[in-house]
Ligand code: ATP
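Shown here is one chain on its own, the form predicted alone, set out as structure tokens.
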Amino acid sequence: MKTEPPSCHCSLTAAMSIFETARAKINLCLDVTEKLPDGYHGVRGVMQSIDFSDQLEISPDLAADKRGWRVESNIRYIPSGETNLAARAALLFHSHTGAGPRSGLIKIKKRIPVCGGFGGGSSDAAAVLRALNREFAAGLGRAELERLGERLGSDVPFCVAGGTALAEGKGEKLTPLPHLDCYTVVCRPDFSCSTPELFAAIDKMKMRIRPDVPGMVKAVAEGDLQGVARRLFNVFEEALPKKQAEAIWVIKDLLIDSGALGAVMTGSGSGVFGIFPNKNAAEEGCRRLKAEGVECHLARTTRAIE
């Protein structure tokens, strides 16, 4: 990503700012495969980054006696201290590499909805790792940054580079897939879903239907957008409380009625997205949904960051 002003690794000043883009992710398909001995869950599915993004300004404080990272955001309820995932990423980077500052300010202009299943917090953390690695010449490769990200959260490894990938394990085992180029409309209902409660519900359920992950991988590899749309599926939808499930289905129906080839909830919700055949169709779909009072945004899929 481009930084302003140009970096100088030898004589950085406290006034320096590093700019980085944090891109949202969507789950084209998502399965929960098992409960692991450590209490976490195994997952399997295909993830995709999109150009619906947060913007970060990272201002390192290089004073030797300063310690601690602060976070500011246009969203008031975002944590401002070191419980924020972006601040934790900065601390982890320094402790792992010895490079970069021990303190500073991270300003996040949030566009990615909070608690929507779009990986906003994870993407912010990944953006901090990328930016500090670049600006302080730490020399960490993509695989090592992903391993660092794994210590912060299951979606962070994918968000380090994004693109299109098969995710397995806890989400950290990533297999890159060919770029899927398409337009989406992402929607945010006016409620949030509880990830722990959904995992607990899945633990008690006998799943009737599971996503066709191999079929999705094949459709992506062949650039078969219709095939991708037919295989959109998220097991978390099966575990939603009744009222939330009904609200999700209303938005999915609106997306289909507005021209989407398919629609599905992303992550553990409550965000929903639809895949459209082209930009004009997506723009028209977005206009129709907004007319129905749905919070939505036009987005395009993005390639992995090199």
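Numbers follow the displayed sequence, beginning with 1. Note that the structure is predicted; figures quoted are calculated from it, not measured.
There is also a form predicted in complex with the ligand; it is not shown, and the following applies to it.
Engineer: Any chance 97, 138 and 149 all have a heavy atom within 4.5 Å of the ligand in the predicted complex?
Structural biologist: Checked in the predicted complex: no contact with the ligand for any of the three.
Engineer: Looking at the partner-bound form in the predicted complex, is residue 83 within 4.5 Å of the ligand by any heavy atom?
Structural biologist: Yes - in the predicted complex, heavy atoms of residue 83 and the ligand come within 4.5 Å of each other.
Engineer: Although the ligand is absent from this view, report whether residue 169 comes within 4.5 Å of it in the predicted complex, heavy atoms only.
Structural biologist: Close contact is absent here: in the predicted complex, residue 169 is far from the ligand, nothing within 4.5 Å, heavy atoms only.
Engineer: Examine residue 104 and determine whether its closest non-hydrogen atom to the ligand in the predicted complex is within 4.5 angstroms.
Structural biologist: No, residue 104 sits far enough from the ligand in the predicted complex that none of its heavy atoms falls within 4.5 Å.
Engineer: Under a 4.5 Å heavy atom criterion, is residue 110 part of the interface with the ligand in the predicted complex?
Structural biologist: So residue 110 counts as contacting the ligand.
Engineer: Based on heavy atom distances of 4.5 Å or less, which listed stretch (114-122, 220-228, 204-212, 176-184) is in contact with the ligand in the predicted complex?
Structural biologist: Stretch with heavy atoms near the partner: 114-122.
Engineer: Which pick from 78, 165, 161, 92 sits with a heavy atom within 4.5 Å of the ligand in the predicted complex?
Structural biologist: Of the listed residues, the single hit is 78.
Engineer: Heavy atom within 4.5 Å of the ligand in the predicted complex: which residues of 136-161 meet that condition, in order?
Structural biologist: Contacts from 136-161: just 155.
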